[in-house]
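Quick heads-up: it's one chain on its own, the form predicted alone, in structure tokens.
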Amino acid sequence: MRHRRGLVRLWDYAKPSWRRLTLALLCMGVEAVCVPLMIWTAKELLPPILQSGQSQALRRLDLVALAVLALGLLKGLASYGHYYLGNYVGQRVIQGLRGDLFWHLLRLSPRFFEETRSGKLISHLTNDVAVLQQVLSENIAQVLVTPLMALGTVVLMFLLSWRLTLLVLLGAPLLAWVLQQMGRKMRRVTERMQQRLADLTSLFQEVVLGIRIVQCFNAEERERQRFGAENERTFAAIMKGHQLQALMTPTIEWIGLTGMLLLLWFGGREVILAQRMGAEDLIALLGSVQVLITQMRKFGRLHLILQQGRAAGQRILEVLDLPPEIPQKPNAIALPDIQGHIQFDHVSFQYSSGEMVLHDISFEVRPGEVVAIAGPSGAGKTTLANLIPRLYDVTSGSVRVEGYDVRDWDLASLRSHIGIVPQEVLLFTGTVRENIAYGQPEASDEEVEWAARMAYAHEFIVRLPQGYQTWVGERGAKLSRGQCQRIAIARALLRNPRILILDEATSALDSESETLVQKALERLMEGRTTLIIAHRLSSIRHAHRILILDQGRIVEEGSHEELLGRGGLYSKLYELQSLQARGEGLE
């Protein structure tokens, strides 16, 4: 049932190309008929030629040659047509499937990506799609042509001798059983192989992303051995598949050879003893069986490839069937303008592991107010901020923006009013300009430059080799961390959000970079509702209010001066950081 549903869904991708598919099927039918017709033509016309006079025989021989040539040309044209058109349809299916898979991944929540290895996702988009592509593009035409040619050959054989044809087909049940058993094994082998490839991809990506750590800890040899072991396991899994493919061909040939021997044994007696058929019929039958064996050998190989594609397709469909964890209501709210009013009403949140991160959180951020969230590491600060753009849904309670529960908002509309500057800035591969305009692709050059100037980024950008058209490298590798941070601030400025979330945006920066970034952030916060996630408490002294989070609960609330005067957790954390700063200064 699942297999049929999968085929129906693949058909949905092929339907837009139904005209080409129909033409491809027509070409396949023509090609399938041509080979039996060649055999039939030779069988019907050669005996009269041999019994005719010399001149008449030569004329008839010319006609036979021309007929076979015409059939050969027709077969070649049909083969070209079905191969090209079949590949066109197959590639369109793959293109649509790959695009839908990528789009679906974009709509899944961060929770999914936190719980799924990135290498596995990359493997779905590359390895699994590549296997399916091999089936749908390179072999789909053969999958349809081969059975048609085999069927045409069997029909010809019945016309020649139904008795001997039935004798040859005695091996069909055995052949079907072999195909079924090997197909099942191939599906299991393919699933293991794709899993191994996913693990290998994950390991490779992990090492590439952490190459500085690997080299600084002299761990190259250890990682080489780890990769080598995983590579060997992947090799073994792949070779299992090749072993099955290698076994399939001789098995089918042995079954076919048995049928041919039976045909030769009993057919010879039909010709010599019973004289119920002519020698030319037996020769045509033997030629037909040889064609049939060739087609069955092809079909056996294709059957295993189909099982590989089925396993890969199932892995892809399993991802596509994952429901978005953040559903959107049909009548969702979309507001073009907001003031930036945020309310947390008895909010609790827990991860799928069952760990409760936030407990009964309630507070309000008024339009234009700057509120900081501070507390020890692991207190739930970033998780709390992620609930506002609805990257996660609350377990209980509600988060409201402009008086509406975020679950009632249109997601695109809600997020269009929110700007985020994270601690770990991610720049996408592309130019400086493209990264600044990421949230507003239609922005003009003047608007991009204005945002860069406001973020104190214009000065260093114009000194780059190609200015705003400078390639930033993967994840902004060609820029310093402070420069990346200022580009991220310019990106947020250009979007002009009413709500701003700063997630420890100045942490781990040197003093000069921190000063520039802090100035840029002050400009960014002007007139906007701002939520600051802070580890360095010195950066939030000017916030209107500070909420102290500890073990998922708000334990203190007030201004910087009020919290210091109470001598609570904030006061202790601030004093500890001040002592650390003075110690670093003495050094």
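In this text, all values refer to a predicted model and were calculated from it rather than measured experimentally. Position 1 is the first residue in the sequence shown; the rest follow in order.
A second form of this protein, the form predicted in complex with a small molecule, is not displayed here; the remarks below concern that form.
Report whether the minimum heavy atom distance between Q195 and the small molecule in the predicted complex is within 4.5 Å. Looking in the predicted complex, residue contacts with the small molecule do not include Q195, since no heavy atom lies within 4.5 Å.
Looking at the partner-bound form in the predicted complex, is G268 within 4.5 Å of the small molecule by any heavy atom? Judged by the heavy-atom cut-off of 4.5 Å, G268 is well away from the small molecule in the predicted complex.
Would G378 sit within 4.5 Å of the small molecule in the predicted complex, counting heavy atoms only? It does: once the small molecule is placed as it appears in the predicted complex, G378 has a heavy atom within 4.5 Å of it.
message = Even though the partner isn't displayed, in the predicted complex is V357 close enough to the small molecule, meaning a heavy atom within 4.5 Å?
response = Judged by the heavy-atom cut-off of 4.5 Å, V357 is in contact with the small molecule in the predicted complex.
Stretch from 308 to 316, 346 to 354, 98 to 106, 248 to 256 whose residues place a heavy atom within 4.5 Å of the small molecule in the predicted complex:
Selected range: 346 to 354.
- prompt: Can you pick the one in F363, Y404, Y456, Y392 that has a heavy atom within 4.5 Å of the small molecule in the predicted complex?
  reply: Contact residue from the list: Y392.
Option touching the small molecule, based on a heavy atom within 4.5 Å in the predicted complex, out of E114, E442, E221, E446:
The residue in contact is E114.
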